[in-house]
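Quick heads-up: the structure tokens below are two forms of one chain, split into structure 1 and structure 2.
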Structure 1
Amino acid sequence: MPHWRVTSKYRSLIVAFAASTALSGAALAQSGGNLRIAMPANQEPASMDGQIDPYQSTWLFNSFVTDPLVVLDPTGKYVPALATSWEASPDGKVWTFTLRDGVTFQDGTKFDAEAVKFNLERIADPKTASAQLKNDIGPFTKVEVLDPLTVRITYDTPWVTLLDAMRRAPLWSPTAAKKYSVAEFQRNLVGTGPFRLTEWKQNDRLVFTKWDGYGGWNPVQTKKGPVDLDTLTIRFIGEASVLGNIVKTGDADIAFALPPSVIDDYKDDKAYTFTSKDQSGTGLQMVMNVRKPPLSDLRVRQAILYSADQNAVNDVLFDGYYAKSQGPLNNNHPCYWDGSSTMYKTDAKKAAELLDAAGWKLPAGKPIREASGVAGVTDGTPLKIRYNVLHHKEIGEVLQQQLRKSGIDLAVEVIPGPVQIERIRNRDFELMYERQRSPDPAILDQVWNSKWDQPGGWAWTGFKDAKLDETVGKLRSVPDVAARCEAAKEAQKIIMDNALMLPTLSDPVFVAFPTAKVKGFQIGSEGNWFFVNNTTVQK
């Protein structure tokens, strides 16, 4: 057997090779590469300016370009970002933020209290036409600059949900925002964040490029200075089956919001990291229009709830991967009222009794009940209830079968967004899909306070109850978190007592990426959010 002696010549070669390998390894670790994330096409914003657009995905994309005052970190805590601290007055009417020093926008404009004031006033300006943030930030009476690093926001009424709004509110460079019109600015975003928006090819992709001047102000970021990634590309994929396979084909590094049908492909594959995260909020709820028959009758509404079996829907369609949502707030919401889960256990006999009592009788030999002495309904009218959704029609199809057993004809109809808006405007619906996502219980006020039953408002059902209005109103005014949760639970009980909505399920966000290739990707405490500040991708 030959014996190899390492001569000094070989030794120097080995040392040189080892050194070059180490150097290239170090270079690989330092350089973050180009990260490509695939997402469903319906998450592409209409406007890239989150001060205008009302969707979570827009605020998420904005968070790459600009840091907010506060961040909801992956553990679910509000932590300082561009605000180093904040203080609310005991009555919840005055909020004071102390700002981080030494921060500049990507165009060199200094970030200070004047910039915060400018942004808040821009959001409130009717010309901006903010579809959501204006409501979330609330009707402040004034924004004062106390000194260059201190800003004070004052309200006439308590506004305790400001942090939840400010963690989403993008703060733009006043210089850049003034330079462009509202419509033009969305393609020329200038913020304080780790990336610049360098390309937006609609119906295809967003490309963000690293900003070398970034100071690492996001508290989630572990190192100071710019992020490692060179570019971040968000690809919008229209076909769920394509999205489901895109990481495996190598056309993306991360698949975000995967369809449940592909979960088994990733779950047990050790080459991939598969993770899911729930989204606190209302779940995929169907709100009921109580203005006219048949849903004006509480007994009919209750019968629908007694006829539905959510667990069966989950098992049949999603192998149990979806999360439960048994009330106006889904089961993983911090303020979920667990009484919802026992109030309407599936009970076909009870549903039948309620429908009989309400005058909806089952004629001999027919599968669908018909009106018999129902006020405002011609005798013989079949019990048909429209079920309007934008997506997830398969849930409706299973419910259709379940409700048919009680003699209810559930007409599942998939409608496009503009049709939904028109039907809501005309209050022309029976069961309508309405979903809000937030860990804050104030979404109950948004959906159930009758004062928001107005054009552009989110209270669609037509139900008016002084006690409910007062209870959900507290969610905007009571500063104590525990007390707010108590109010939220009381509101949920009233809503369920009156059977005003049909809870269906709650869809978690499913994410997959190759374990060896992508490092440091962090999902937020809410499934619809993530951080790439510490992410690297193998070249």
Structure 2
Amino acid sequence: MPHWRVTSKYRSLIVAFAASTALSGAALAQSGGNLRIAMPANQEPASMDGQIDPYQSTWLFNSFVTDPLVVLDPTGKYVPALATSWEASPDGKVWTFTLRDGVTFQDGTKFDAEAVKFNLERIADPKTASAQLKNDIGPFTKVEVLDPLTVRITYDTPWVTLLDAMRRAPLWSPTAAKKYSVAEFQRNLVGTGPFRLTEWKQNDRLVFTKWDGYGGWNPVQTKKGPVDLDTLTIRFIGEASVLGNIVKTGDADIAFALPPSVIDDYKDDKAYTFTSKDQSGTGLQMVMNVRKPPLSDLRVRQAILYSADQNAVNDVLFDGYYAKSQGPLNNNHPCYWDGSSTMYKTDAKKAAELLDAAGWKLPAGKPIREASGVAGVTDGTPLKIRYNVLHHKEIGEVLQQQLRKSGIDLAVEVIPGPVQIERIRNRDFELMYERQRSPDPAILDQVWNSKWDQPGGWAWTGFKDAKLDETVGKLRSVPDVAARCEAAKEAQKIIMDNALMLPTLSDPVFVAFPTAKVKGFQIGSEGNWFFVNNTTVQK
């Protein structure tokens, strides 16, 4: 074996080089730069408290400030975060979580079982007005602190989907949440995560600043301790053309949810990393309010589906880059029922026959049908249907042209989230955008089980069917994955038989950033989620 002798001269050079390398390495570890991510303006929450706000973007932004019990990692697996392990009883009624020791909130409050109990009870409290998590976590009967690091949640009914709720549920410092009113707390969030929320300039940006006390508790993070990034800024961009060009102008480091029109500008340019990820869930569906005419008539609802041509919408607007979503679950969902793709193939003749039979006649020389003998509708009333969305107005405008060929006047309107919630509360809508994202089929229970037709619930249509309720109810109670998928497919058939929703498309998330500048950025398994725990910005 060779023996290497190092002289004092070279030893000093080596030591100097090692010291220099260590210093530069330490500098890199201490400062990962300031990351700027541009996103569409419609991603800005109405509230930054995800225990109240029902939108996915809010939970994403909350994840920078506080870690959940469980993380859905980029491969789609539930992995431990603030919980180190969990166990469900065989009947799915009792869940026990063992918590990570040594975790503190950013205000010094200890993270323990009492903190988890406080957060779950805060979500369940009607005064909090939780718009979705209350239903996702479910009607637990009690939360018990078994010891400082063990918490048990008990239900009267099986609740096998709790992990999917817990991976989104933000956990806040009880001290901070008690200090502020519900309205004030959203600007004073205190969690266990890698960043603090330090600025929220509405209609412009969110700024998060590194918390030096972070222990690296998110399992996605590859190192212990604080993240490398100094700050994370989320910029909200209202113009698609600006968002599409913002990385190339240098005004942002990452463009998230790029418009399809600029895909070709990035995907073939070696200077940029371009990636896309479809999102399992409901797709960009429009649910129908069946409580009153004209959509209380099945024939009208079916005529709308026969009038729409999803493939044409995709080709006209998105050069075919969007994904198909032909039923209550989109086509890439693990539990998609493929019968949805053939049930309502575009057929203008069939649509006309259905509308004629329903009493909506097309007067000579007029483009829009009018009521003739329709119960509850004055004769001569035009067949006008409101189409309300938070975004993707352009899809509605193409559908508007398609439905007009059948004599239906589709009135397209973009509304903000708070207006959407208000209209749902008042049942003042006809076709309403409703989106859920998850590879778990339990989202069908959220949207279609009539027991969730209540304030804060997501069953908006007013449709009530015992068989459908029973079928989607299994998605909360049956632990076997294959059996749950079969129940989901049965439910999708019932929903499509009754034409309760209008499928449009599924929008993959398109992301671009300079390859040489941004390192370690990770897209989540759902596309609309990302992780910056390992990200650095090269200077």
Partner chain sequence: METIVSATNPQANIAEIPRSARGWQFVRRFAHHPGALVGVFVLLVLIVAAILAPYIAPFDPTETDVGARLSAPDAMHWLGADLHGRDIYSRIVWGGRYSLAVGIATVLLALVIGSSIGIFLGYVGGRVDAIGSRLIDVLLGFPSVVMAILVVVVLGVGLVNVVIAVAIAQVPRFARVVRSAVLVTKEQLYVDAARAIGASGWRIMARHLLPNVVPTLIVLGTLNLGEAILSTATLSFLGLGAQPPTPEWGAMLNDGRDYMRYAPWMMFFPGLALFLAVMSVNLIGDRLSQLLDPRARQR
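As the structure is a computational prediction, the values presented were derived from the model and not from experiment. Sequence positions of structure 1, starting at 1, serve as the residue numbers. We call the rigid core the largest set of C-alpha positions that still match within 1.5 Å between the two forms.
S.K.: Just one of these is the form predicted on its own; is it 1 or 2?
M.R.: That would be structure 2.
S.K.: Going by the two-part rigid split between the two structures, are Tyr78 and Gln285 grouped together?
M.R.: For Tyr78 and Gln285, the answer is no, because the two are assigned to different rigid parts.
S.K.: Using C-alpha superposition, tell me how many degrees the smaller rigid part swings against the larger one between the two structures.
M.R.: The rotation of the smaller rigid part against the larger one between the two structures is 14 degrees.
S.K.: Once the core is aligned, what is the C-alpha displacement of Gly359 between the two structures? Give it in Å to one decimal.
M.R.: Gly359 is displaced by 8.3 Å at its C-alpha.
S.K.: Fit the two forms on their core, then tell me the C-alpha shift of Lys393 between the two structures in angstrom.
M.R.: C-alpha displacement of Lys393 between the two structures: 4.0 Å.
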